[in-house]
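Next up: a single chain in structure tokens, the form predicted alone.
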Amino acid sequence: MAIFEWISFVAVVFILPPLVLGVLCKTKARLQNRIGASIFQPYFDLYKLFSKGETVSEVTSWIFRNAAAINFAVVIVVALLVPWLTFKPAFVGADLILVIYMFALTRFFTVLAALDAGSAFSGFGASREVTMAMLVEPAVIFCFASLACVARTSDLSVIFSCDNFSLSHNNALWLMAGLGLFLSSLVELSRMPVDDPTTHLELTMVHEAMILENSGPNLALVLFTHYLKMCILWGIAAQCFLRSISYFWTVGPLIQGALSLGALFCMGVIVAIIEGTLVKLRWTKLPQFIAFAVAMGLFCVLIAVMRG
């Protein structure tokens, strides 16, 4: 059983992220009355980038060359630690503070690589990325800390365990935590209405502006790491939403695993609907949007205090 879990998990880690993005792009295209590319187009894009050469600026150092590999390794470790899927193999050390700092580490190297390239647009994107991270991190901490307080542990594996009955009847807490983490993920991933991932105007980009200098296999590794981070963040939010439904606690592991995968694809569809109906907010309006995520975190704190 353990070997089957590891094989399934490794297959999901390397196959699922581009597929979730493909479903998102296809759904968004259909909402706009377009046929759109195949849901497998992200795989073709990654293969094309891996088969191309690289163009590297002469002013870059080892930081730019190795940041993509470092971020990929860190996100793989996060995928092993964070319970974003119910059939993920057990892995010790999933402390919520450690996980938050590991996400911050990926942002640090992304920003550092953007600044190392010496591009003005990369500097714009890096500055905006750090500003948004500073504003949204309290929401993530509030949501995780509220669950940890009720569960009496900071180990995410224990908090999200289906055997942890101290949280089995806290539907409102799970729902608020899911909403807070989902809104925070839109900021972390630079999705609409925070940023338009399909824009070609460098002055309005956030994440895309930071990776403008990447090309070839290096860009492919950066993109795949971003896709995997997207699945992890949406997977955590989906797990919170699923645990807010009492039925989820009573079904078997196979059904829970199927519901986890289905919920992850549903998150992609929801984001596609959001991106198809909302417009990008002005930079001065972003703190107001992020305030909604922080408010969800504060609601989690109030519910946890009342439960305590």
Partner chain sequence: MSFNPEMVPPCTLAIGYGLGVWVAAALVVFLTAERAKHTFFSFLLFMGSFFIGIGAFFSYQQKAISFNLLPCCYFAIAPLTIRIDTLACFFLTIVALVVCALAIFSPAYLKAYKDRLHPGIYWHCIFMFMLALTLTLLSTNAICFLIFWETMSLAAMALIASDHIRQKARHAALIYMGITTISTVLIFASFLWYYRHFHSWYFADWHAAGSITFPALLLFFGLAVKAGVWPFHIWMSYAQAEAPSPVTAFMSTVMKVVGLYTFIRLLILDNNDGLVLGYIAITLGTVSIIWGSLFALLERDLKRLLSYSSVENIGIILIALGVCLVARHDKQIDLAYLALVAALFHTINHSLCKAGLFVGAGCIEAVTHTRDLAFLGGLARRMPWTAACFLANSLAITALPPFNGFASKWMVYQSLFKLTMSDAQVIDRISGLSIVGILSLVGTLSLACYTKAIGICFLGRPRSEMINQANELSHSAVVVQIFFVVICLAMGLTVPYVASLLWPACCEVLPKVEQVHNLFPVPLQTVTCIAVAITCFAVWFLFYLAKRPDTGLKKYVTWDCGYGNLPARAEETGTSFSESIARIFAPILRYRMITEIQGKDRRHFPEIIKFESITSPLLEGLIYRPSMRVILILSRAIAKLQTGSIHLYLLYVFMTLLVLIGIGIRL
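Residue numbers count along the first chain shown, from 1. This one's a predicted model, so the numbers in the text were calculated from it and none came from an experiment.
The same protein also exists as the form predicted together with the partner chain; that form is not shown, yet it is the one meant from here on.
- Remark: of stretches 234 to 242, 190 to 198, 168 to 176, 208 to 216, the one touching the partner chain in the model of the complex is 208 to 216 (heavy atom within 4.5 Å).
- In the model of the complex, R30 stays away from the partner chain, with no heavy atom inside 4.5 Å.
- With a 4.5 Å cutoff on heavy atoms, S154 counts as touching the partner chain in the model of the complex.
- In the model of the complex, none of the heavy atoms of P253 sits within 4.5 Å of a heavy atom of the partner chain.
- With a 4.5 Å cutoff on heavy atoms, V59 counts as touching the partner chain in the model of the complex.
- Of the listed positions (I63, L281, C266, A37), a single one reaches within 4.5 angstroms of the partner chain by any non-hydrogen atom in the model of the complex, namely I63.
- The candidate spot formed by L16, V20 and L228 lies out of contact with the partner chain in the model of the complex, as no residue has a heavy atom within 4.5 Å of it.
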